[in-house]
Every structure is written in C-alpha cells, then in structure tokens.
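The chain below stands alone and is given in structure tokens; this is the form predicted on its own.
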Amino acid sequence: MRFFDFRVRPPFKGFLSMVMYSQPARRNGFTRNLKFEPSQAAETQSVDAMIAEMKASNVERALVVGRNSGALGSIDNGEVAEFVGMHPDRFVGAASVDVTERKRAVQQIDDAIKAGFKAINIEPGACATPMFTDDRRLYPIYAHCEDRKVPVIIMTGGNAGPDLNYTHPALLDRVLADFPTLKVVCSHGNWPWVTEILHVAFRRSNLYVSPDMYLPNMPGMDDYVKAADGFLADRFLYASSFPFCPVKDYAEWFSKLPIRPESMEKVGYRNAMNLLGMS
C-alpha cells in the first residue's frame, strides 16, 4: 500500500517559526487528543527523520503546503520551492497567495505555476482581515485559477476563522456552483460540518475532501470513511497534516480503516496524483 500525503509542513526555515513548531506543547496536546504520540521528527525538528517516517510507511510523495494567513503565519513560496527542489522525487509544492490584494494574488499565482507549483492554497478566514469563502473579493482569484486549470486548496475546517460561520459549507457550495470547472480541495474536511460537506461533495463534482488531522478518532470519522469507500472514492484525499500527526503512525492507522483495497489505492495515492496532473 502506498500513500501520497496531501498536507505536510516540514521542519524547514520559515515553517519553524510557526505555532506548530514554536509551541510544541500546544501541538502535542492536539496530537495526543487524536490518540497518537508526537512524532520524533517534529520534536527534534528533523527533515531527515520526517523522510525516514515516510520511507518506513510507504508514503512515496507529499504535498508541502505553504501559508499566507495573518496571525497564523506566512511562508515565502520561495522557501517551499527551495525545499521541494532539494527532494524533487518526494515532495511537491502548493503555493500560498495573499488574497487581500487581488492584483498581487493573480501575479503570485502565475509566478507559482511557472515555478512548478501544482496547487494554490488560500485561507480566507485566517487572513488579518478575515473573509468568508464566498466573499466577492475572492472571485477574481477563483476565476484566474479556473482559467489556469490549477486546483485550489481552501482551509474551510477547524480553526479557519474567528467563529464557526466562516466554515459553513453553504459558503463553499456557492463557490463550487459559480466555478464549476474549478477543482477545490477543502482541507480539514470542513470539519465539524461533516454531514453537510459530504452533501456538498455529493452535489458538486468539483469538490475534493481531505479531513487530514480532523479524521482520526474524531466525531464524524465513520461518515468520512463511508464516503471514501463509496461515492467519494475518486475525490477523497489522504493527508496527515504533519507535524500535527506523525507521518508513519498516521499511515499505519489509516491503512487499517474499513476501506476496500480498490478505494484505498485511490484515496491514499491515485486521487492526489490525478488532481495534481502527475499521473
């Protein structure tokens, strides 16, 4: 069984200044709430140890997701590209853009595509000035990505805004309807709105769901898993959200879920390759 981990943030340069590394007690508390022990790669901030975890669990590739999110921190896309360039056979990059400045965002998208990034990541609710997913200021950015045929990852679950309204699935549903050929990934699986986002995915074929760190032992897990082995088998994406979950332990846990082998190959590896145009 092989995996493509669709959300990792390695212990490298700017990532180390983010809360997930600078406040290990907070991170580890979340990890233990999911019934995992903290990754030694995260604890020692070792890229080599992270890659060793990947090798030990057949995680053949991983998407390094940048960030441009106000208080949550930002990572220069150049640093993401640098890291991917150091390990081109194992990592792929997702660039982040500043959605508060339309013209700059469009230029960042074009620059990212030229630089070889395979996806664009945005976190509207986490901006210094939070925006809802269907904020009309974002529509030129969605349109640009749709025209360029580049998938967009949107953080629409967990702590993705000042309050729960920022993660309401109806917001994403409107975007998916207005941009029917734009492929959108909802990172964090739009948790805790599990039933609702699965309904959106059922009616919008351009939505991909990746619960990542909100899957293990969390309310709604069984519904995600049922969808991954059912109607969503071609649009469910495996992701550990390292360093919040250990790469190796997450893979071992996921491989034991009641998902048929033919579906497991898709959700664990093939869907990510297809979505990113790497198949």
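Predicted, not measured: the structure shown is a model, and the values here were computed from it. Numbers follow the displayed sequence, beginning with 1.
If you look for the form predicted together with a further copy of the same chain, you will not find it shown, but the lines that follow are about it.
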- Quick one: in the model of the complex, does every one of 110, 136 and 151 get a heavy atom within 4.5 Å of a further copy of the same chain? no
- Message: At 4.5 Å between heavy atoms, only one of the stretches 82-90, 116-124, 185-193, 137-145 reaches a further copy of the same chain in the model of the complex; which one is it?
- Response: 185-193
- Query: Wondering, does residue 249 line up within 4.5 Å of a further copy of the same chain in the model of the complex on heavy atoms?
  - Reply: no
- Examine residue 218 and determine whether its closest non-hydrogen atom to a further copy of the same chain in the model of the complex is within 4.5 angstroms. yes
- Message: Whether residue 223 contacts a further copy of the same chain in the model of the complex should be assessed with a 4.5 Å heavy atom distance threshold; does it?
- Response: yes
- Message: Can you work out whether residue 101 and a further copy of the same chain are in contact in the model of the complex, taking contact to mean some heavy atom pair no more than 4.5 Å apart?
- Response: no
- Would you give me the residues of 197-228 that have any heavy atom within 4.5 Å of a further copy of the same chain in the model of the complex, in order from first to last? 198, 199, 200, 202, 203, 204, 214, 218, 219, 220, 222, 223, 226
